[in-house]
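Listed next as structure tokens is one chain, alone, in the form predicted alone.
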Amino acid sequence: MNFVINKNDISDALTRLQGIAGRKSSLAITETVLIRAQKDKVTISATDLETGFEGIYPAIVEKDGMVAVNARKFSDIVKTFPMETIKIKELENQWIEISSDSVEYHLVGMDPEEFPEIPKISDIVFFKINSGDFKRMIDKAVIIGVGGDEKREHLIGVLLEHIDENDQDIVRMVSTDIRRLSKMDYIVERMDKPAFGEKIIIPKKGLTEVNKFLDPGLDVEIGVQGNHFIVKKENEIIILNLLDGDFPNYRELLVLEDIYDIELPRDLFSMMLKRMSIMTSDEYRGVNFHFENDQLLVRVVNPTIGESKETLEIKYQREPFDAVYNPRYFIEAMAFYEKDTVLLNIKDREKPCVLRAENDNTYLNIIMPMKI
């Protein structure tokens, strides 16, 4: 194998794929990238056995070949290489030489035949989605992380649904950790044929890796083949193993009665909760919300730190009631709202609170009250 490549064509991709190749597994070969030179291109592959990446980049190939080298070291060499043009040559015993006129590295490799096979993609129905919009959907989904050694599919994964509603094709993401749930809708161009079945569950950690490759302003194509979720760019593709299992029936939580809406100024509400959260701790995470006579009183009592309270003028003329919530859930969710007013739909202290923007149900968060 012998080829010449421009460092700027591969440096960003090598940096982004470190979350895949850098993840520890039972196979040392998964800590490498597979480099395949053929004709006028170089293909770089990485996998952690659950998420696979493959990128194709232009090169001047003098001799075809294939090597597997440590992903981190190769990325560091390319990123700091002093010249734009890099010469890469295969040596004996699976070593490679990375050089220019003024610098030379020799890097030990592994047997490329041991590199796990990445599924081949063919005959897939794709649909297009704006990268920036898809990135925002993923950001909203993965703020609900995976706790500890959790293995249940609906908690370590994100539900992706295709919904045909009111003559519109909607792609919906739903994420939950039981204590809260986020729902994101995106209207896509009308599909002649659905790109995936009604429901699939995608690993959250895989979506985190996908997010690194999304460039705002461009489109990506999304599809499913067998038990794989595929995200395709012009010259790069990411393949995720889907999760088996059932996602909880969440739809009844989306049925809201407007009479229980409480309007709040987003920024003032968010800053108030940030101030209140100073007094919370791992042992005392709850903040008490008291609604009465056009006022919201928020109070924290933490015997290990202290206490605080703050009021916010609102429109509220129902019966007074109290409910306790984790303020972090509201703070994280409101970072994605752009409108000045948010709505809290709260029926009583036992029912979940639904947070959404005014006149917009495409993104909403459902937050469960805490039991003290």
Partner chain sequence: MIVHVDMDAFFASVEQLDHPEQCVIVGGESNRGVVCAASYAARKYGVHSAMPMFQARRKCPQAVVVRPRHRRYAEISSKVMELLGSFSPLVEPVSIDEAFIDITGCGAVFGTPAEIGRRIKEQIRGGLGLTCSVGIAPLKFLAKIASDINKPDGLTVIFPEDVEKVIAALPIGRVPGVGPQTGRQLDRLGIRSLGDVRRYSEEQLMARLGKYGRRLHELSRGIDRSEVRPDRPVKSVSSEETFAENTYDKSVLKRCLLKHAGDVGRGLRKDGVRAKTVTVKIKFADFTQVTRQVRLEGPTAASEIIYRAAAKIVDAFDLNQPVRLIGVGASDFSIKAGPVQLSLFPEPKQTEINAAKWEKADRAMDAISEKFGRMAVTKASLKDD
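Just so you know, these numbers come straight off a predicted model, no measurement behind them. Residue numbers count along the first chain shown, from 1.
Just so it is clear, the following notes concern the form predicted together with the partner chain, a form of the same protein that is not shown.
K.L.:
Heavy atom within 4.5 Å of the partner chain in the predicted bound form: which of 308, 70, 345, 326?
P.N.:
Spelling it out, the residue with a heavy atom inside the cut-off is 326.
K.L.:
Exactly one of 294, 234, 283, 257 has a non-hydrogen atom within 4.5 Å of the partner chain in the predicted bound form; which residue is it?
P.N.:
Contact residue from the list: 283.
K.L.:
Counting heavy atoms only and using a 4.5 Å cut-off, do 158, 202 and 245 all touch the partner chain in the predicted bound form?
P.N.:
No residue of the spot touches the partner chain in the predicted bound form.
K.L.:
Look at the stretches 214-222, 79-87, 170-178, 93-101 and give the one with heavy atoms within 4.5 Å of the partner chain in the predicted bound form.
P.N.:
Of the options, only 170-178 has residues within 4.5 Å of the partner.
K.L.:
Given that the partner chain is not shown alongside this chain, does residue 19 nevertheless sit within 4.5 Å of it in the predicted bound form, heavy atom to heavy atom?
P.N.:
Residue 19 lies outside the contact set for the partner chain.
K.L.:
Taking heavy atoms and a 4.5 Å cut-off, does residue 187 contact the partner chain in the predicted bound form?
P.N.:
So residue 187 does not count as contacting the partner chain.
K.L.:
Does residue 370 reach the partner chain in the predicted bound form, with heavy atoms at most 4.5 Å apart?
P.N.:
Taking the distances in the predicted bound form, the answer for residue 370 is yes, it comes within 4.5 Å of the partner chain.
K.L.:
So, in the predicted bound form, is residue 275 in contact with the partner chain at a 4.5 angstroms heavy atom limit?
P.N.:
Taking the distances in the predicted bound form, the answer for residue 275 is no, it never comes within 4.5 Å of the partner chain.
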